[in-house]
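Listed next as C-alpha cells is one chain, alone, in the form predicted alone.
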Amino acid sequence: MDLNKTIKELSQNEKKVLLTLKKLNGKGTPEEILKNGDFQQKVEVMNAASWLQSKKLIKIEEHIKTVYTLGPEGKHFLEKGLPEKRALEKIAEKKGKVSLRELTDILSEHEIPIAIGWLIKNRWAKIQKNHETFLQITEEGKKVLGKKTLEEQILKQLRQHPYTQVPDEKIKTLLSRKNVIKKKEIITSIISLTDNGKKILQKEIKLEEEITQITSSIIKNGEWKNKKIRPYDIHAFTPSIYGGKPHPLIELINRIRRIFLEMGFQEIEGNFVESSFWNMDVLFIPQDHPAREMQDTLYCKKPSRIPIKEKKLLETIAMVHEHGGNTSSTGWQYKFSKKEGEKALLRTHTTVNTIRYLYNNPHPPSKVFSIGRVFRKENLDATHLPEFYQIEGIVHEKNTNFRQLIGVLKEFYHRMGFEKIRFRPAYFPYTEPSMEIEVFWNNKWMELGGSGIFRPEVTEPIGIKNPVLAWGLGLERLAMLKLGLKDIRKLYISDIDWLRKKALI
C-alpha cells in the first residue's frame, strides 16, 4: 500500500475518524467517536468508517446485544406494586389468613389469579378450604415482608435506565409475565484500527480545507486556484447502479417483431377465448383427437359455448371432416358435431389468428405474423408451462413452395444470431409436408418449432387456392437458449437481482 497516496485521498471525515481512534487508543464505538471527534451526527462517523474499512485502514465488528425496557404491565406494577406482594401484605394485615373474596379490596379481577399463582409458586402462601377458600401465609412469605424482591429491583432499574442489559437468570421470571417487560436486540459496532491504519497515523495527517467536488461555480470564480483539490481514487468501491430496461422476454419479443417487420411481414392479433370450431375444426383437427380432451385443453365455464355465426363455412367444414367435401380428401369418416365445435376454450395456438385472417383476406399476397400467449393443460416443470408464447407466421403467395419456407425460416434464425440451422421431416395435423426447425447451440441441436404447408382440407374450405406456408415457434424455448437458462420458470419469477444484472439480449 502506498501510504502517502492513501493519505492524499482521505476525506476530512475519514481523517477525523482516524485521529479520534488514535485518541481512544485504537478502538471505540461510533458513539465514542462522535463524542470525542469533531462530528455533528453519527451518520458522518459511519459513512467515513465504511470508506476506511474498504481501504483496509480500520475494521468494524458488529455484536448483537439484548436489552430490556418496561412494558405497560411493568409500569403498572411499579406504581401499584406486584399483585403477589400486595396480596401478601393483605394476608399479613389479616393475621396470616385471608379469603379470596377479601382480595377484591386491593386487586382487580384479572390480578387475583396472577397473585395466587405467584404466591403458590414462590411458596409465600398456601391454599386452605373451609366453607370458602383461604390463603394462609407461610414462613417463606413472612421473610419477604417489607423487603424488595429481585423482580421489583429489576423493574425499578429499567425505569431509571431503559434499554439496559440484564443477566438471563435474573430476567427470566419477568419475561414469563405478559406485557411486563419488552425485549429488544440491538447491534453495537466496535471500530478499531488495522495495522495499515496504525502505520498511516505514524505519518502526519493534516486537517485542512480542500475541494472535494468540482462544480461550475468553483471553476468560474477561480476558487480552485487557492485551495487544495483532494485526489480521486478511480479504483475505489462504488455501489452498482442499474438503469431501467425491458424484461428479457419483452426485449426478445420486440427483437422478433422488428425482424419480421423488416422482412416485410404485417403483425396481427386475436382473442384468448375461442370456439373449438375456429381453434380446431377449421384446422382439420378431428373431433376425437386426444389434444381436444380436457386433460390437454383448457375449456371455459363462462361462456361454455360460443355460437358459430359463419353458417355456410360450418356446413363446408362439416362435410370436409365427414367425407372430404369438394377437396380430394376422404375426410375423417365420422359424423361432425356442431355442439362439439361450439365449446369455448382458451386458444391452444396462435394459428387460430392466422386462419381467421386468411378467411377474411383470401386473396394473395399476404405475409403476416403474431406473437401471443397460448394455453395448454401442461404440468409445470423446468421445460413446460401451462401458459406460454407462440410465434406464428404465414406466407400466402402465388407459386410459393417448400423451398421458400426453408429460406424464410433460415433468414429469421440467422438474424436471431444462430449460424447452424437444419430442418427434419415431421407430422402435424394441419400441414403437409411438415418439418421441424433445429438450431445448433452449446454443442447440441435444439428443436425450436414446427412448420409446413397448410393442407388443402384447411385452405380450400375458406376460399384459398394457392399454397400457404405456415410455422409456429416457441418463444420461451428460444429465450432459454439466448439467456442461458435451464429452468423455464426463471422467466416468470420476480427475481429482481437477476433482472437487474441480466445483460440485454
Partner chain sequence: MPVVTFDYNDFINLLGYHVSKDELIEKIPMIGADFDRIDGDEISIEFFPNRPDLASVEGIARAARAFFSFKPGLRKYDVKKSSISVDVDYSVKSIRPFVATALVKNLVMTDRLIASLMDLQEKLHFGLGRNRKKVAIGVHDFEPIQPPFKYKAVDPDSVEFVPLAKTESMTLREILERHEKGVEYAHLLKKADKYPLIVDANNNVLSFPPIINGSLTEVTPYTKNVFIDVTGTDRRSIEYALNIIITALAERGGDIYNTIVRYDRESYVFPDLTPKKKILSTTYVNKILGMQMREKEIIDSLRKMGYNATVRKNKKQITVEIPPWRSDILHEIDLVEDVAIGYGFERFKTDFPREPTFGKTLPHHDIHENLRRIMIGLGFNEITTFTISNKRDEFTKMRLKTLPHVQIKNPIGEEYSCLRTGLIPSLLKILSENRHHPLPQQIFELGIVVDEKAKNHYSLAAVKIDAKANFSECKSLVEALLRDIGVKKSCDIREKKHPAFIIGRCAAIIKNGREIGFFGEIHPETITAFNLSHPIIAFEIRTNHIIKTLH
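Residue numbers count along the first chain shown, from 1. Keep in mind it's a predicted model, so treat the numbers as computed, not measured.
Keep in mind the form predicted together with the partner chain is missing from the figure; the text below concerns it.
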* Asked: Any idea which of 172 to 180, 90 to 98, 329 to 337, 70 to 78 reaches within 4.5 Å of the partner chain in the predicted bound form, heavy atoms considered?
  -> 329 to 337
* Asked: Among I219, L261, I229, L150, which has any heavy atom within 4.5 Å of the partner chain in the predicted bound form?
  -> L261
* To do: Tell me, out of K410, R255, K199, R86, which residue has a non-hydrogen atom within 4.5 angstroms of the partner chain in the predicted bound form.
  => K410
* **Heavy atom of K8 within 4.5 Å of the partner chain in the predicted bound form** => no
* Asked: With a 4.5 Å heavy atom cut-off, would you call I186 a contact of the partner chain in the predicted bound form?
  -> no
* To do: Although the partner chain is absent from this view, report whether P239 comes within 4.5 Å of it in the predicted bound form, heavy atoms only.
  => no
* To do: Evaluate L499 for contact with the partner chain in the predicted bound form, applying a 4.5 angstroms cut-off between non-hydrogen atoms, and reply yes or no.
  => yes
* Going through 367 to 393 from first to last, which residues have a non-hydrogen atom within 4.5 Å of the partner chain in the predicted bound form? -> K367, R373, F375, K377, E378, N379, L380, L385, P386, E387, Y389
